[in-house]
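Let's start with one chain on its own, the form predicted on its own, as structure tokens.
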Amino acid sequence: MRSLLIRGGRVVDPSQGLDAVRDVLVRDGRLAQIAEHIEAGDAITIDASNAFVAPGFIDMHVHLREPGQTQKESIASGSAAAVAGGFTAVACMPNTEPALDSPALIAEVLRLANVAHLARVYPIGAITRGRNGQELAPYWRLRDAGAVAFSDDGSPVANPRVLRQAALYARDVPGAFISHCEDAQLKGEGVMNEGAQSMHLGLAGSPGLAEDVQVARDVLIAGDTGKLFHIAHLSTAMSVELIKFGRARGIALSCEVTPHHLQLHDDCFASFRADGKVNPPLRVEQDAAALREAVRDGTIDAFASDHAPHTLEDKAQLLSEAAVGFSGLEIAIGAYAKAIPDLPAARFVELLSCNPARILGVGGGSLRPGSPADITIFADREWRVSAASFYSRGRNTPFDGAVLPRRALVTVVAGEIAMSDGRVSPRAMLG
């Protein structure tokens, strides 16, 4: 394996309190040295001047669709989308067909990720078998097979008694419970946020209360059981307050926010297009503003894209029938920077690297010598989103055509260049 020398970049590593122009040397897949000037004549040199060099970014909430829905995405194509977007690792949700509720399926995800040989892939096991909300999954066996967390994402565990039993049973199993907080009965047939826009368009709305009620429930269950809960894709101002409520009482909680909930609103449905249809739905500016402030004040722990690819046919339906979700890996870095342009670089890296690694309990999140050489190089350079050129099989996003202010330039995984200047390594196996 050739050595890499990353020269002259602004190295931002909150784990070391480092924010300075430095050279970075990689040998044998690990960080070897960070210094003001390094000579390594045998190394491949990457010019990082006028760019940031950070511990590899980790997206802790993606849907890779395999097994069962490879027309939407495969582990290989999703891994290619990840490194194209600047992510060295992703954690994949279990709402596949079948759900990731057995050690054999967890092992198969890891095998396919190894074959793709691009981003690291961390499987998330189901909380209940088949994600049916009834029978508990075998947590220790899933963990031993490689699951890093547990979730029924795509839907909540509706029965609070089942969720409490699961949390008590898994209390000593490493790995957070990741909660999709959306009360199905309160949501009803809602296809967008309930409010002035849904009334104007004559569309069924889902109230913010559908999220708030379940966030409150899961915060209290976390406190009762002692299990670490991670609340996924916050979308309301009240959810932020509920996280603060729990933490003030010593409850072990973490939470994430998506790029779309930070800046997009429910007025994107004025043309009745489904590109912005997502769960939880896009809300109003009051909610987005509260989420942005929660990023700034430290309440929100992580950025996560909720990458949820679909075929063009899935989305080209009546709004009431169209699939929920859209692709996010390849726009995330730029969309976060557009949403909060004044966010300090160290906080940006913390949300995308250090904290996801800590919450998931996986390697990464640091450029300390000896650490695995997972590195994201990014820069403040404007670019225009073209969904048609995505590596992901999902070519739908409400950001299509948007001009974003920041993008990934190079993605290094285990010391190897997986993406450079938008081109994914030919080692990608996109079958």
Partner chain sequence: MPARNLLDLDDLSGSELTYLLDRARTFHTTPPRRDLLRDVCVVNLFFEASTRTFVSFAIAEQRVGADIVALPPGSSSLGKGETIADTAITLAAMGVQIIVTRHPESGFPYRLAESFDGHVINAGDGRHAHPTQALLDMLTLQAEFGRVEGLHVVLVGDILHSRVARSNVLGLRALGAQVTLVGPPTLLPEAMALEGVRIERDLDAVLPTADAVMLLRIQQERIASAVLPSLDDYARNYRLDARRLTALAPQAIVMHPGPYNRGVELTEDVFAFRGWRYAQQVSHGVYIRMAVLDFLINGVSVRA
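Positions refer to the first chain, counted from 1. Computed from a prediction, not measured in an experiment: that's the story for all the values here.
Absent from the display: the form predicted in complex with the partner chain. The rest refers to it.
Participant: Using the partner position in the predicted bound form, report whether Phe272 sits within 4.5 Å of the partner chain, counting heavy atoms only.
Facilitator: Yes, contact at 4.5 Å.
Participant: Test of understanding: in the predicted bound form, would Pro138 fall inside 4.5 Å of the partner chain by heavy atoms?
Facilitator: Looking in the predicted bound form, residue contacts with the partner chain do not include Pro138, since no heavy atom lies within 4.5 Å.
Participant: Although the partner isn't part of this model, could you tell me whether Gly202 comes within 4.5 Å of the partner chain in the predicted bound form, counting any heavy atom of the residue?
Facilitator: Although the partner chain is absent here, Gly202 would touch it in the predicted bound form, with heavy atoms inside 4.5 Å.
Participant: Using a 4.5 angstroms cut-off on non-hydrogen atoms, would Gly195 count as touching the partner chain in the predicted bound form?
Facilitator: Yes.
Participant: Heavy atoms within 4.5 Å of the partner chain in the predicted bound form: which of the stretches 76-84, 302-310, 206-214, 317-325 has them?
Facilitator: Going through the listed ranges, the match is 317-325.
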